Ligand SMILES: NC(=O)c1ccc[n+]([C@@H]2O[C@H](COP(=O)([O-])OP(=O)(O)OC[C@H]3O[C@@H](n4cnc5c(N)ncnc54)[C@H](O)[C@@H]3O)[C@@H](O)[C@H]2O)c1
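A lone chain, given as structure tokens: the form predicted on its own.
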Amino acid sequence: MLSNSTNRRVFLQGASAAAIAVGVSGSVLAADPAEKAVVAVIGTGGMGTGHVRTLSARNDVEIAWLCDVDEKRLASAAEVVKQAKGKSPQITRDLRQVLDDKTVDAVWIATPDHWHTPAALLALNAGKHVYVEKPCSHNIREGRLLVDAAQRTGKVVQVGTQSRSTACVQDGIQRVLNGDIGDVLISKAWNSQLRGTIGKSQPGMPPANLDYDTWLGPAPAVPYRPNLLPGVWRWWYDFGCGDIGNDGVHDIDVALWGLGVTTHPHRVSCFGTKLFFDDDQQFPDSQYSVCEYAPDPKTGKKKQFIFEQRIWSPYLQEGYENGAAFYGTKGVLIMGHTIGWKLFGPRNKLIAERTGSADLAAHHTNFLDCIRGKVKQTNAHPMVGHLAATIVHLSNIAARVDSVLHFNPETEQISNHEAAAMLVKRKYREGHWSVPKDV
């Protein structure tokens, strides 16, 4: 088991070619990197089970706990660990049991969105390092609380945008930031695919295998309904962030990375509506967002970020269904999500290209290396996650209120629209033990 050292290091990352500049803190947890990290996975659905399988293949990790509100999924994930490791982990439906175990060094949080930050804050306060799935927050205020908690506790946090640790993506972004396509003034991300309808339903009784009250957690209590679980919770305001916060946030994160921005946009406009689906989902199936950044103090130039979404249109855009593009003064780089990229120079000449899929195992390694003090900062540290998630939230808010939003990057407040300003935060279930403080 890794030792729980309290030595604290504070790392301030400059505006380098490979990352966004913020200050974070990290504790070194391993004097001997050969020691096993004792970990837990909270949430064992599709992505959670993916983490379980990937972690079970490692010799430097012991999965001590699995936690899920669904007994069937919990049992299935426990069997994966048993088959790989020869013994079963402890299981629970209450994450507080995991956090009370002082032998646990780190937790993977793969819950629905509304639990991401509340669970992460509880884990950080309990002295655990945290790997939290994307988007790292359900709303803008939660994202700020996560960034602050990581700094305050000195624990390592990794957000689950694994493109940050994927060699192919790192290579492409490095070329953009090195100036291979000149000055990048605009980047764009898009999400075009065919999703299924969630249909329409009426409230009913949850299945016997589901602890629905714990699933609700800090969110307002609403009746169970068949098209709320599993997975489709992301189409409901109380629990998810729409597909822009699901698949979209991966490419948003990459697009912001290559754009080289170190703060939030100051102005956001978004058209979003349901053009295709006639069902209960509350988020747009079609969305077009434009974000403008204040002039760079060094260059005096503004930058723009654009996001497009059509989750009823599985057709290629610039060669890829989902991706990111970087428009420079001397060329363009087009990147397909988990596929690769192509760099074009003057007269549309293909200069370079590379293929490569997302590398989840490398993202895990980066997190564990940071815990062990082998690297100074995670590739997807909390501020990285907060910047990308804030684009998600501002875009969704702008679409809901049908207005251009003026956003203060320093105070993280919307200044020109009262109803929109209220959506920077959310309503929580009164008195629930998981509700974050200072919300």
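Residues carry their position along the shown sequence, with the first being 1. These numbers were taken from a predicted model, which means no experiment stands behind them.
Although it is not shown, the form predicted in complex with the ligand is what the next lines describe.
Residue-level contacts in the model of the complex: of 219, 268, 311, 95, one residue has a heavy atom within 4.5 Å of the ligand, and it is 95.
For the options 89, 284, 143, 160, the residue carrying a heavy atom within 4.5 angstroms of the ligand in the model of the complex is 160. Partner proximity in the model of the complex, defined as non-hydrogen atoms within 4.5 angstroms of the ligand, places exactly one of 345-353, 200-208, 80-88, 114-122 at the interface: 114-122. Interface membership of residue 174, defined by any non-hydrogen atom within 4.5 Å of the ligand in the model of the complex, is ruled out. Of the heavy atoms in residue 70, some are within 4.5 Å of the ligand in the model of the complex. None of the heavy atoms of residue 248 is located within 4.5 Å of the ligand in the model of the complex. Mapping the unseen interface onto this chain, residue 134 counts among the residues with a heavy atom inside 4.5 Å of the ligand in the model of the complex.
Taking the ligand as positioned in the model of the complex, the residues of 212-250 that bring a heavy atom within 4.5 Å of it are, in sequence order, 214, 215, 231, 233, 234, 246, 250.
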